[in-house]
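The chain below stands alone, shown as structure tokens; this is the form predicted on its own.
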């Protein structure tokens, strides 16, 4: 993962930026959209939840500004994915590190080329575990409202278990279990439901495949009768479309939920709706 070149400056500026900072003591910050969604489901109206990664921005590329670091330092907590996704995590100032929580604790991880895959949230079962970790943290932060958070958690678990069942039933009935995606974000989803992920790029969405790797992907598309090459809205589709052109198959989007577009948020899209849309597209591509 990338190393921050900015956080040294942020830490230096933090005492200055903090002057006059608005009160964020009832605010929980989240590093990117999936954690924001899962946190909101549990905290309800007891905390304000602010998502750090801007709309339409890849979390792999995001780096906090000095003003954001100052705001987080004045907040109740910062929730991170961990597993190397937030490359700036290790350079946070000490006062912020003490109120930083990684929501992926105790989740069994996968690796690609000996690098831990951070995309755990794309398994609904893992998302439930993340919400459980969020609930445990809220018991520490606000025990007086714990029963409220627990009720919200139980409601969310029911909804996410229903989503998990839909994935199992649908994917069990598919004849083709190969999924070609633009970057290796769907490993946990594929591992959970018996799909095989074939990826154009690695764990970083801006990784570029070699000519030999492209040839291998094209061969797999032909061998496994792939009908669709999936790409992401936040990543250039150029290579995916090139593969599709060479193999005579179509392209479509599959959302790794690293960040939703503003029009999606305005339309009320969320974790559950996006995952169901992903499932419908997988069903159509692999039937």
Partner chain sequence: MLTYKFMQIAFVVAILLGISIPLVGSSAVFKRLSSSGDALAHSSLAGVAIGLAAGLNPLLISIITCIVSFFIIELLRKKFNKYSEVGVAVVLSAAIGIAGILSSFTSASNFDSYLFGSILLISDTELYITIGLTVVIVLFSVIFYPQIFAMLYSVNESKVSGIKVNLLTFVQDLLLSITIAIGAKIVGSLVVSSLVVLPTAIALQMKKGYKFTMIASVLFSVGAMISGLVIAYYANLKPGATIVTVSVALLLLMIIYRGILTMINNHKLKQSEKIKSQE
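If you're wondering where the values come from, they're calculated on a predicted model, not measured in any experiment. Numbering follows the first chain given and starts at 1.
Same protein, other form: the form predicted in complex with its partner chain, not shown, and the subject of what follows.
Of the residues given (48, 246, 68, 252), 246 alone sits with a heavy atom within 4.5 Å of its partner chain in the predicted bound form. Proximity to its partner chain in the predicted bound form, defined as a heavy atom within 4.5 Å, holds among 236, 225, 26, 262 only for 236. Its partner chain is not shown here, and in the predicted bound form it never comes within 4.5 Å of any heavy atom of residue 175. Though the partner is left out of this view, residue 212 does reach within 4.5 Å of its partner chain in the predicted bound form, counting heavy atoms only.
Proximity of residue 44 to its partner chain in the predicted bound form falls outside the 4.5 Å heavy atom cutoff. Contact annotation: residue 108 falls outside 4.5 Å of its partner chain in the predicted bound form, judged by heavy atom distances.
Heavy atoms of no residue among 115, 164 and 276 are located within 4.5 Å of its partner chain in the predicted bound form. Contact with its partner chain, judged by heavy atoms within 4.5 Å in the predicted bound form, is confined among 152-160, 203-211, 133-141, 99-107 to 203-211. Taking its partner chain as it sits in the predicted bound form, the stretch 43-72 comes within 4.5 angstroms of it through a non-hydrogen atom at 56, 61.
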